[in-house]
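Below sits a lone chain in structure tokens, taken as the form predicted on its own.
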């Protein structure tokens, strides 16, 4: 179980963009988080993935509170999450070929070159990247092709929780369908939990087991009581 308990977070302590939010994602469950652009969904997603420290509240992973954030999180907690962001060009090192981009988490954790190559080949096939594309750098491929590589990179360490933050916002319908199918195959095979952030209600309702509306999570300024979604 992934639990967000009383999360308040933002970039200015005097004006948080997320206030006292509670949210849970069970093992194997797909939860959609629906809300308008700029409401704080991405900030909450980064907190859930241990990439942004909240000013209040905590993330609880299988009953154990988070013990650090970003590079200070212990490896077993940090590597439990895979994240796919909306803007692949902002999350991909432009110096790396797609093959090395996908392998990056494995190489960082000390896996052998042979093991990394085998896993990259497996995931490249799953997301539809040819050997020719794997040899290219980010500026030599389309947004859709780069997002396929970013999804493969998120899955390569076999995370227990996958967070997709507007993953399909820049993609056409066919690429969206292909990547959703890859995520669903991984969820069924691994039992991983899934948090999908977006503003397309139809897509989230089709994709997820349940969809949580942002307006039900965040109390307004006149109401300080927390709103819980379980």
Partner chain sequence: MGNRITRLRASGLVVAAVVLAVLVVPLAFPLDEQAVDLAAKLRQPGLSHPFGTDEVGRDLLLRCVYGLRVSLLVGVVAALVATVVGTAVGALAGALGGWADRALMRLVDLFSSVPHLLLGIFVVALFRPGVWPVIASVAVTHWLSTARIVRAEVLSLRTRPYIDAAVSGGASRWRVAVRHLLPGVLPQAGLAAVLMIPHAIWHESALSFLGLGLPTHQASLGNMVNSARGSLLAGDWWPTLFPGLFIIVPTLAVAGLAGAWRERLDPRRRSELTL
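Positions refer to the first chain, counted from 1. Predicted model only: the values in this text are computed from it and were never measured.
Below: the form predicted together with its partner chain, not depicted.
In the predicted complex, at least one heavy atom of residue 105 sits within 4.5 Å of its partner chain. Not displayed here, its partner chain is approached by residue 78 to within 4.5 Å at the level of heavy atoms in the predicted complex. Put simply, residue 125 is far from its partner chain in the predicted complex: not one heavy atom of it is within 4.5 Å. A residue is said to contact a partner when one of its heavy atoms sits within 4.5 Å of a partner heavy atom; residue 140 fails this definition for its partner chain in the predicted complex, lying far away.
Note on the partner interface in the predicted complex: the residue among 70, 199, 187, 67 having a heavy atom within 4.5 angstroms of its partner chain is 70.
Contact annotation for 20 to 48: a single residue, 46, has a non-hydrogen atom within 4.5 angstroms of its partner chain in the predicted complex.
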